[in-house]
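Shown below, as structure tokens, is a lone chain in the form predicted on its own; questions about how it binds or moves come after it.
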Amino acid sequence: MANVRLVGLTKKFDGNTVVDNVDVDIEHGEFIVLVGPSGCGKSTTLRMIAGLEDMTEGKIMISDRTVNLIQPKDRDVAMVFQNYALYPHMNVYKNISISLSMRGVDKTEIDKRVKETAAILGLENLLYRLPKQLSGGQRQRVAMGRAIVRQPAVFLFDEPLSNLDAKLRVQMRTEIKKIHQRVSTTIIYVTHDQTEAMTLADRIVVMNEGKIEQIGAPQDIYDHPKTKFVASFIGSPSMNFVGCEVVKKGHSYFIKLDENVMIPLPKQYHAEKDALLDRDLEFGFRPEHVTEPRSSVDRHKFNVTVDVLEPLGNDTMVYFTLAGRSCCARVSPEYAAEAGRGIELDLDFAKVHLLDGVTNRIVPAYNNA
């Protein structure tokens, strides 16, 4: 059972903490994605798991075995890097088989494993080509093949798709997902691309400045972020944020964005409504929750002036200013108006978030309130 456990994992460079007390439990066969902006510590974390980077503090366990002092070659992991690192003078067959040859594996077994791996990756007809005769996507598959053929306990991927063009990245995401379904091996995958994280992961680990911000299933993190950073990083376009205050008028409570926009306090916040008064808050909502007018309960209509339109074919992104902040809505192409004109938008306020302006954490909602 190739489970991986990180306990208090910490890395310091010249007194600067780049990975700060990271705790993660990864089950056998899970596809875990470490995601975050450049410099957040995700690649350093991966390299420490591989044994390519010394840790400062903490413990790494693979298959319930502590590997802190074990050499990389003895950790039973295989790593796929951002650059393909293929031997240019060796054909695909030799590039895939090189690690087995160096370990003295029998030639018959090598041939069997290479051909099985090539079949998984669709490389059967490319085994005798040199890397220079391959496309970028084919080279990346060869690099993955070199890892798969070893049959390791854990696969480590360090931004393997970042050198590919947009269309090929989408294609390779699908291929990696298929590979995981076929080999059922534990995968730890690093990326700065939140779309990759959402589409590939069983669980996402969101990192920021060396720390873990949140761990969870992709949809749960998207729907229920715990911090402003997670809410803004996961999702494209990112969540809108507007300064606000909760006010009471008679027996009713409202979220006041400006003098012209007062939104009834969503019922998920009613349980703590009095505690929200006189607090420094921000109002967060995703673009797809602001649309052309629709007939539904729990929606609030308001008027804005269009600043910029971005047609995307099936949708149009409408940028507008609300309470001094630039915001984005996702509307149907037929509804979008030209820049400078006023339109009515419809907000699904059952899907909104309130953030504490001091801690930058999402205010807990109680959907059963």
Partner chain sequence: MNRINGNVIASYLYLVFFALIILLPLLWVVSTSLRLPVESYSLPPKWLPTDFMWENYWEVLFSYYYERDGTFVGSQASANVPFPHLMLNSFIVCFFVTIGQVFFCSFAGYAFARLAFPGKTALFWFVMATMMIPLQVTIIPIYVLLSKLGLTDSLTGLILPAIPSAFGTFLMRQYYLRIPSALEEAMIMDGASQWQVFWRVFFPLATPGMVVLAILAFNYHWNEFFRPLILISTDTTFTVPLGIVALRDYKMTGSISVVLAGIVISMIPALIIYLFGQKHLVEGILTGSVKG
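Remember, predicted model here, so these are calculated numbers, not experimental data. Residue numbers count along the first chain shown, from 1.
This protein has a second form, the form predicted together with the partner chain, left out of what is shown; the following refers to that one.
For the three residues Pro72, Phe81 and Arg103, a heavy atom within 4.5 Å of the partner chain turns up in the predicted complex in every case.
Stretch-level contact check against the partner chain in the predicted complex with heavy atoms at 4.5 Å: of 146-154, 111-119, 200-208, 231-239, the positive one is 146-154. In the predicted complex, the partner chain lies within 4.5 Å of some heavy atom of Arg139. At the 4.5 Å threshold, heavy atoms of Leu86 reach the partner chain in the predicted complex.
For Arg47, a non-hydrogen atom is located within 4.5 Å of the partner chain in the predicted complex, even though that partner is not displayed. Although the partner is absent here, Pro131 is a contact residue: one of its heavy atoms lies within 4.5 angstroms of the partner chain in the predicted complex.
Checking Gln214, Gln268, Thr185, Ser99 against the partner chain in the predicted complex, a heavy atom within 4.5 Å turns up for just one residue: Ser99. The listed set Asn260, Gln171, Ser252, Asn163 contains one residue whose heavy atoms approach the partner chain in the predicted complex to within 4.5 Å, identified as Asn163.
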